[in-house]
Ligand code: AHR
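In the block that follows, a single chain appears as C-alpha cells, in the form predicted on its own.
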Amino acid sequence: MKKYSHILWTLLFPALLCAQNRIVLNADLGHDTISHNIYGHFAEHLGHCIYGGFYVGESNTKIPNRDGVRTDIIEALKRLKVGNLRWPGGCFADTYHWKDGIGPKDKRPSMKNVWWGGVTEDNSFGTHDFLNLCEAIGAEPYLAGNVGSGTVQELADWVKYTNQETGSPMTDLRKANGRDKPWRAKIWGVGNEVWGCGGNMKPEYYANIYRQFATFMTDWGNSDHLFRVASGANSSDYNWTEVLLRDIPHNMLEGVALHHYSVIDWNKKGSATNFSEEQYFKTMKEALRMEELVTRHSTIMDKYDPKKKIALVVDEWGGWYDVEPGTNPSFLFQQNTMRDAMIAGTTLNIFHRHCDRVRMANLAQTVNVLQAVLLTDGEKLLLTPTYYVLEMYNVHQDALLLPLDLNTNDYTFGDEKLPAVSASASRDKSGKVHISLVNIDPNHPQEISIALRGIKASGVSGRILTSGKVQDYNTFEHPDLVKPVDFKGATLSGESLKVTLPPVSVVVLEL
C-alpha cells in the first residue's frame, strides 16, 4: 500500500492537513479481489445452533420449514449472501462420524455431545440436510473432517459420497438415500484445532497426519479440485504456521486455518450486554489484534509460498463473552450489541485489506451461539447488529480492493489508545465504488476527509448502523432498536468527500 510523505500530502491535498482524519482512496491502484468466501459462517452442533436454530424438524407445523430447516432462516441468510457455511464443528467435528447422519432418520444411532453439555445427539440433521441447506441459501459447503477420532477411509468415503458421480459403493449409498447427483462439495477441513480438542497434537506430528489424510482426498476426476484446509494456529502460535508450510507439500494444501476470538479474559469473559467502557476498550483491542495476526502469519506464508497460492483461512472469529443469565453454560448463548457490530466492521475491513492472502473466513457462529447473526425464540427470529453489518458489507463480495491510506485519530482510554477509524474500499463489477467506515470511539464523532484519487464521482449515498449506546441490542420485544438507516452525513465536492461518523457507528458509502 502506497504511503505519502508529509511534503507530498502538502502539495497534493493541502486542505486536508487540518482535518481530523484523512483518507486517500487510490481508485486506480487496485489489483486484488475480495473473495465472497471471506463472508463465511459457522454452524456447529452446539447449543441451539442446529437443533432449535436452523433445524426444527420436518413434523413441525408451527414454524414454516423446508425439510425441517426454518424458511425464515433460509431467507435471512440468502439476503446476507453467505459465502460458505462450515459444519459440523468445531470440537464436535472430531467426534462426529458422518455415516451416523444418513439414511432413515428413525434408524440413525444416537450419540452424546461430549463437548457441549453432554446432551444426546440423535443425528437427525446430517449430510443431506446440511448440503441441501447450503444449496437453498446459495452458500458453498465447508465440511470439517474428523481427524481426531476418525480414519482416513472414513473421510475419503465422505468425499466420495458427496462428490463422485458414479462407480463406487459410496455413490450407490448416496443414491439409495435419495440423492442422485453429487453436491460437488469443494471445501474440506482436515481436522479442527488439532492442537487442542482435535487431538492435542504437536505441529510436526499433525503435518504428517495431514499428509496421510490429504493423500486419499482427491477429486477423482471432478473438474473442480478440492480445497483442503489444514487445522491452523491458535491466535499467535506462529511456529504452528511455520511447521505446516515447511513440512506439508504445497500441492497437497490449499488453505491454512487461523482461529482468534476477541476475549478479554478466558477465565472471566464478562457480560455480553452489561459491560463497562474499560471492558469495551479491551475487547476492541483484541479485535484489532487481528491485523497483527494476519500480517505475521501471512509473512511466514510468504516465505514458503511467495506466489500466495495457499490461502489463510480465518475460519473462527468473533466476540466471546459469558452466557446469558439462566442459560446452559455449555450452550454459549450470548446477546449481540453494538460492540459486536464494531468487531464485525473492523474485522471485515482487516480481511479486505489482506485479501491477497485471506481468502476465506467464518464468523462464529450463525444462530444462537457466540457472535450470532440470528437469534431464535420459538417461532420468533431476530436479526442482530452483526447481521446488519455483514448485510451492509456484502457489496464488497468479489469486488476489486481499492487501496487506501488512512491517518486516524485515536480512541483513548486511560493511558492506552486505539485507532478510532477503520476503513476499506472496493469497486464492484458494475463500476460502483463502496467505502466502509467504522468509528469505534463511543464518546466522540469523527470527521473524515477523503481524497478521491483516480475516480470521478457524481454522487454519494450510504447507510449507517448506530445507536445511542455501545451496549444497545435488539430483543424479541424490541427487534428494531438497532438497524440500518439512510446516511446523510457525507458531502461530495469535486474530488473530495467529507464524512461525519457518529460515535460507535458503521457506514457504507456508494459512489
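In this text the structure is predicted, and so the values were computed from the model without any measurement. Numbers follow the displayed sequence, beginning with 1.
We do not show the form predicted together with the ligand, though everything after this point is about it.
> Using the partner position in the predicted complex, report whether H259 sits within 4.5 Å of the ligand, counting heavy atoms only.
Yes, H259 is a contact residue.
> Taking heavy atoms and a 4.5 Å cut-off, does L332 contact the ligand in the predicted complex?
Flag for L332 set to yes.
> For L46, is any heavy atom within 4.5 Å of the ligand in the predicted complex, or not?
Contact check for L46: yes, within 4.5 Å of the ligand in the predicted complex.
> Although the ligand is absent from this view, report whether E254 comes within 4.5 Å of it in the predicted complex, heavy atoms only.
So E254 does not count as contacting the ligand.
> Name the single residue among F227, F281, W320, W183 that comes within 4.5 Å of the ligand in the predicted complex, judging by heavy atoms.
So the residue touching the ligand in the predicted complex, by this definition, is W320.
> Would you kindly say which of W98, Y210, W188, W116 lies with a heavy atom within 4.5 Å of the ligand in the predicted complex?
That would be W116.
> Looking at heavy atoms inside 4.5 Å, which stretch does the ligand contact in the predicted complex, given the options 37-45, 478-486, 461-469, 443-451?
Heavy atoms within 4.5 Å of the ligand in the predicted complex occur in 37-45.
> Going by the ligand in the predicted complex, which residues of 61-79 come within 4.5 Å of it through any heavy atom?
None of them.
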